[in-house]
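Given next, in structure tokens, is a single chain: the form predicted alone.
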């Protein structure tokens, strides 16, 4: 195999590949990226057996072929090469080495046989549709903060993507929860998605997917089966196993009867929570909200560290209420708000609280209170 490729194109392709690779693994070849060169294209494939990413880049291929080389090492080399450099990759099958040459720099890297590289079996996808990158990005970006990190409830370690009924008809919905807070985000149902099986997309896949969605003009081709999900742009294909489990019935925890309504400037609220939480003990990080007519007092009382209090002007017309929350959860939810106003709907100090952006119900959040 012999090819030459521009540094920026190679860096883009190899950086996605190396982030999928697990740093510690018992199977040496899983630390490698499979490079396949043919025609005027080079494919870079990496996997951890649960996720597979394939990046393609334009290259001048003098001799077609394939080999595997350490993804992290190749990425580090390319990253340190000067901008605009032309990189030559030359694999001499006899020596088991890959030569990386750019200008006066020369590297020789150990390779492993391409035949040993595991390629994810392609499955029949029950549903195929395309969706604009900004819509898909919003679904996952706004929900992923609520993914659980508790390994025992493995079915909560991802985002549940499914088709659901909303007021205006069917929607494509993403839900994540860890039992303390929940995010439910909707977008218009893309053509061809109505028969899609509901799948739980793992946390690592959600993070890798974010890298594909930077270009607002892109359409993402999505394919879903019972066991796999695939997201593809013209240059990158990300295939992942889905979490084998049943996502709980989240509709039961979304409160319907909360009537006490607080409207507050989202960024002012987030900054105020952040300020008063400075003195709270790291363990509980409880912030108390005291609500009165058009007035909100945020307070923290940490006997060992001190106390803090801040008052905000808000829109609130219901009977007074005192309720406590974990500061971290409040901050994460408030930071999801794109509009100016966050609307909180309370019931009592012991019941879950609902939050949305203005009157928009396509993104709603639920947070459980704490005793303070």
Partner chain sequence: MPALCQDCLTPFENGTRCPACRSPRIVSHPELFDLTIAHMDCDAFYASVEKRDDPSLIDKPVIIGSRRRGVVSTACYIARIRGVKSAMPMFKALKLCPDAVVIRGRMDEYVATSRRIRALMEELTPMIEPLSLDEAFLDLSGTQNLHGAPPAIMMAHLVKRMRDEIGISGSIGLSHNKFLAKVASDLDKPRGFSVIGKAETAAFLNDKPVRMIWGVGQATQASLNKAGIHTFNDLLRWERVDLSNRFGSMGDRLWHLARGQDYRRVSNNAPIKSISKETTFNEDTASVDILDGHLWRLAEQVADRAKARNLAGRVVTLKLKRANHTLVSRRLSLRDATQLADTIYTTTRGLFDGVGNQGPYRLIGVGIADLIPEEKGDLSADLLDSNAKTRSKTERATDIIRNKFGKDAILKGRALR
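Residue numbers count along the first chain shown, from 1. Nothing here was measured: the structure is a model prediction, and the numbers come from that model.
The same protein has a further form, the form predicted in complex with its partner chain, not shown here; the description that follows concerns it.
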Its partner chain contact in the predicted complex: residue 366, any heavy atom under 4.5 Å: yes
Though only this chain appears here, would residue 113 touch its partner chain in the predicted complex if you measure heavy atom gaps against 4.5 Å? no
Please run the contact check for residue 178 against its partner chain in the predicted complex: heavy atoms, 4.5 angstroms, yes or no? yes
My question is simply whether residue 304 lines the interface with its partner chain in the predicted complex - judged by any non-hydrogen atom within 4.5 Å. yes
So, a 4.5 angstroms cut-off on heavy atom distances: do all three of 50, 174 and 232 pass it with respect to its partner chain in the predicted complex? no
Interface check vs its partner chain in the predicted complex: of 167, 217, 282, 124, the one with a heavy atom inside 4.5 Å is 282
Just give me the single entry in 196, 156, 74, 273 that has a non-hydrogen atom within 4.5 angstroms of its partner chain in the predicted complex. 156
Heavy atoms within 4.5 Å of its partner chain in the predicted complex: which stretch in 74-82, 103-111, 247-255, 217-225 meets that? 247-255
Could you run down 327-360 and flag each residue that has a heavy atom within 4.5 Å of its partner chain in the predicted complex? 329, 350, 351, 352
